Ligand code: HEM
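The chain below stands alone and is given as structure tokens, in the form predicted alone.
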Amino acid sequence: MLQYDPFVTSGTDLYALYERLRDEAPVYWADGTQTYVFSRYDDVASALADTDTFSSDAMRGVLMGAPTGSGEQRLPRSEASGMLVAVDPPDHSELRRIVSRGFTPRKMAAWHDYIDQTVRALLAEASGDEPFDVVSGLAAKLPVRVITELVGADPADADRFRAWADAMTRVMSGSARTSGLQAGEALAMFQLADDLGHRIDDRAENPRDDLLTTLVRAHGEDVLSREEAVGFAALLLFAGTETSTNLIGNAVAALLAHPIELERVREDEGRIGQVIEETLRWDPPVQYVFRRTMRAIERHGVQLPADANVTLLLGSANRDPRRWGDDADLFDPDRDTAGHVGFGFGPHFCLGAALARAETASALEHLLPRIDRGAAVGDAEWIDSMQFRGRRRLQVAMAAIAEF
């Protein structure tokens, strides 16, 4: 019997389950989470693009149990607390225009040197005498150090920021959803909001050349409120660190599982971009997002009422042979990946996509030449999240710096 629930996925062969959903029940009712599940590419991509029918305020409603809009009434910007992923156009367009000032191509280009320096420093700690954990030694540290720098925090604060991000993951899409909010998670959430609030207050009085200043310094009336700035910065820490960490780990794991592809990219660094895009398609760091129907609709003979929550399976859409052909389950960096939904699609396309790609590209460029050719992937132990997909650890044999 086919059984799937977005918040109960551990211990399953996830992609085989997605295949059954696509073939047997392209619109599936997940009773535990009380959502309809879309698994085929066309259905997922069209729902992501159709903000007139599918509201993103379900991201707040399902993940946080917070109020949403009702029917065609959208969640007002004033009630979204800066949670950009839960706001619909036109409010979303206004918010995105403000925060995009911190992610312009010019600003991103200025970050490349810092990213490379950080990667080199982290890999310098790999001695070659013992296995190197790609996740704890590189993938988990790099994005949080970058975001720490983005918000103008002391580099010494990076470990605290990482702990706060991990706590948010457990609360919003991990084991804390079923066990209840524990004292440690509650304290972490309070500490994060308090820390960011104090930093934002300071930037309003003492501007710096950092992201927080960009958010709160007015361009006419175009500015985030204090609450919105805190909410967006917290979202960036939570989603930005998890996405990049898991993308790096998943890309390295994919290459280790496909040694011919590993050798090809080691011989030609120009293939790194192709590897990243195929990883985003084949094993994306974010597996699904939520939407709310703003009116009654029908899909594949199933009637969905207004205000129904819908799970859009990005990971399944990216493996749908109806879109990608009969070899959709194969990892093939030569594939034309245009149209994958690894970073979403439409108005809510991931704002931090360029940053995640830059971090992953730098990590692969400096890491892959040092990986021992006999390295192999063992059994995966997945992170404590149902929505994010990534490994807790990924150990590889590394050559010492002087050997390559």
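Residues carry their position along the shown sequence, with the first being 1. Given the structure is predicted, the values throughout are model-derived calculations rather than measurements.
Another form exists, predicted together with the ligand; not displayed. Remarks below refer to it.
Residue 352 is the only one of 352, 69, 61, 26 with a heavy atom lying within 4.5 Å of the ligand in the model of the complex. When the ligand is considered in the model of the complex, only one residue from 319, 162, 199, 92 comes within 4.5 Å through any heavy atom, namely 92.
Of the candidate stretches 256-264, 114-122, 153-161, 227-235, only 227-235 has residues with heavy atoms within 4.5 Å of the ligand in the model of the complex. In the model of the complex, no heavy atom of residue 371 sits within 4.5 Å of the ligand.
The ligand in the model of the complex is not approached by residue 339, whose heavy atoms all lie more than 4.5 angstroms from it.
The closest heavy atom approach of residue 40 to the ligand in the model of the complex falls outside 4.5 Å. Among heavy atoms of residue 96, some come within 4.5 Å of the ligand in the model of the complex. The putative spot formed by 174, 251 and 386 is not touched by the ligand in the model of the complex; no residue has a non-hydrogen atom within 4.5 angstroms of it. For the partner-free chain shown, 240, 243, 244, 247 of 240-263 come within 4.5 angstroms of the ligand in the model of the complex, judged by any non-hydrogen atom.
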